[in-house]
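What follows is a single chain, given as structure tokens, in the form predicted on its own.
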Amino acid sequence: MTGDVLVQVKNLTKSFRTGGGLLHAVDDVSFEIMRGETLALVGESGCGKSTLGRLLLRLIPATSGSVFMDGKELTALKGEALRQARKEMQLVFQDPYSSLDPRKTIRSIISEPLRAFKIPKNEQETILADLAENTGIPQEFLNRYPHELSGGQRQRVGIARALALRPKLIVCDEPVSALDVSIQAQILNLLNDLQSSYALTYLFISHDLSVVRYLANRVLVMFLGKICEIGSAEEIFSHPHHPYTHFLLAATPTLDPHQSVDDMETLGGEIPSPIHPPSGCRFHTRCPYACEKCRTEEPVLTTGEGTSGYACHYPL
């Protein structure tokens, strides 16, 4: 991790209009991603993780707020300028089964970004061979179709495709959750190796905290579209400040044979709606430490040393 900022997110908001009202998927979120780091984005299902990842890549338009990469405002780009900016940011999808075109060969899938940006044919072959070697795809697989590959092999194809244009930022949207545990380790090690080889920066979206602990430099915790806490992986896992982070970690299964389900700390209370979020702190309906201030006054994300911070009136 080099320490300079690659991505800067300022007051990013995304709302979706539904039959029941306005769904607040991402609400006034601000943070930075440092060049060369892996920032993990964690939180339970429906908290806005995948929406935030897609906002960064301009796959969906923001309701308000800004995203900057290398000082260039991505949210303001249009047309050819936006198309050229897409070279610098790519996505690795969660499902290696549905994210590859079943009618195309592996060779065609990986080289599709190269064709889209009119890279010369002779260069395409060189890049393709390099990508296949670095992602562990045997040359004989290049003429096969996705259905002829295993889940882990397909995910390697998805990673190779994301690397084709040598991007600066890759958003990994739960890239190992659909794979067997033994294959997960191989893909995580591959991502680690590629980060060094290609000077990559990752936004790694996951709900699996054991995976996050292995891979991430920093962790950003979201709850109901808001940032609860952000800090180094070491700090988050050893001394979380926000009660939600604490309960998220406490709910992670361990290999301790003496631990039973009854021993695990679980959250009670009402699960709030993203269409009608509660006033004050959005976590107060489930927080055992909540008091009147939490119900009426929304906490501000206070920044500590470096790039850490938490949004809680009464931190642990």
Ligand SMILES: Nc1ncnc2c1ncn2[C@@H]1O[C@H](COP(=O)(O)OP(=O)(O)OP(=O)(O)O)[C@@H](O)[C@H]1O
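Numbering starts at 1 and runs along the sequence shown. All values reported here derive from a predicted model rather than from experimental measurement.
Absent from the display: the form predicted in complex with the named molecule. The rest refers to it.
The candidate site formed by Ser30, Gly65 and Leu220 is entirely out of contact with the named molecule in the predicted bound form, as no residue has a non-hydrogen atom within 4.5 angstroms of it. Proximity of Ala40 to the named molecule in the predicted bound form falls outside the 4.5 Å heavy atom cutoff. Contact between Leu23 and the named molecule in the predicted bound form is found at the 4.5 Å heavy atom cutoff.
Shown alone here, Leu55 lies farther than 4.5 Å from the named molecule in the predicted bound form, counting heavy atoms only. The named molecule is not drawn, but in the predicted bound form it has no heavy atom within 4.5 Å of Glu235. Shown without its partner, the chain has Phe16, Thr18, Leu23, Ala25, Glu44, Ser45, Gly46 in segment 11-46 as residues with a non-hydrogen atom within 4.5 angstroms of the named molecule in the predicted bound form.
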